[in-house]
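Next up: a single chain in structure tokens, the form predicted on its own.
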């Protein structure tokens, strides 16, 4: 194992930033104070290592470790891949509301630690290695998951993104300059380390695993319109209550997901007028759905929508469903995956049900791989999210081994 001092100090530096004193969870929403403080830390960490930091009009950051002068960077050295472009690693800083410490920042801190370890080993990169920090990966502020990486590769246009609003009605176009990003020009390989968001590695008794694919997933907005009325004087049979339609839709989604072995979650709701003694006039709810294939996802969402529509007809309410973001299945580059597994001496290979920037880059033609670090609780997007120090250091070692094979 490498020396724990630098990794542990970095983790101590980041631990209090954006942390809630009451819950112990993190509120690191993009372009707000906590996340901006983390970006300042990123620049300081890069400067301390003599790395060149670049950013783009959206706030994505990359710290570059360039080959020594005179090294021929035109010759690719990735085993069996013939790659010639730049190599990228990293993750994101932002969190879900009241999230955990490890989701995102572990990948960034581990990337700097892996670079330190590579230098300790005397690795001389033959092509540039960058450490990235992407913005708005969680979609917790502007509602679009992996927004920073989508904008960086052109998967989402600035004309579309700038009109996105947060819960306070602030437009993204009023927060950042926007435009066109060239930050990932000439990048052809991306390796992202992430805390596991499940218990597969616990079940396999392994500290580190490699990703095979990302399940297709998306977010759908359910608007249910009813009729506002008095909670006391209105007979139950005379109501057009959208909350009742919503409640039955939640139960139907749970039944459908359990029956088919998929995932369906209603985790956010907006009720109007939101009064204790009033029947609501409108309910807006957001469905997060994930499935093992594109066809299974379409079938799952379709079944939930049909049952919601049937219930709306029964309740005298009106239903409208719109997709806010949908990502198809992403299979990570097979040759790169095999190369990383070989570099690590054989580790478990597993799919993930969570979306990641690596999936966006893979879809954009940048061959990508993911490393996962064991999470003993299996809990994520929660203050209970955790990872042991020994496993985190094993992740650093694994990331350094994988990157060495790509750049050295």
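This is a predicted model, so every value here is computed, not measured. Positions refer to the first chain, counted from 1.
Another form, the form predicted in complex with a further copy of the same chain, is not on view; read the next lines as being about it.
The closest heavy atom approach of residue 29 to a further copy of the same chain in the predicted complex falls outside 4.5 Å. With a 4.5 Å cutoff on heavy atoms, residue 162 does not count as touching a further copy of the same chain in the predicted complex; it lies far away. In the predicted complex, a further copy of the same chain lies farther than 4.5 Å from every heavy atom of residue 313. Contact between residue 86 and a further copy of the same chain in the predicted complex is not found at the 4.5 Å heavy atom cutoff.
Shown without its partner, this chain lists 121, 227, 171, 306 as candidates; in the predicted complex, only 227 has a non-hydrogen atom within 4.5 angstroms of a further copy of the same chain. This chain lacks the partner; the member of 297, 96, 330, 175 within 4.5 angstroms of a further copy of the same chain in the predicted complex by a non-hydrogen atom is 96. Residues 275, 290 and 381 are all found to lie within 4.5 Å of a further copy of the same chain in the predicted complex, as judged by heavy atom distances. Exactly one of the stretches 204 to 212, 107 to 115, 330 to 338, 263 to 271 approaches a further copy of the same chain in the predicted complex with heavy atoms within 4.5 Å, and it is 263 to 271.
With contact defined as any non-hydrogen atom lying within 4.5 angstroms of a further copy of the same chain in the predicted complex, the contacting residues in 236 to 275 are 236, 237, 239, 243, 244, 246, 247, 248, 250, 251, 254, 257, 258, 262, 263, 264, 265, 266, 267, 268, 269, 271, 273, 274, 275, given in sequence order.
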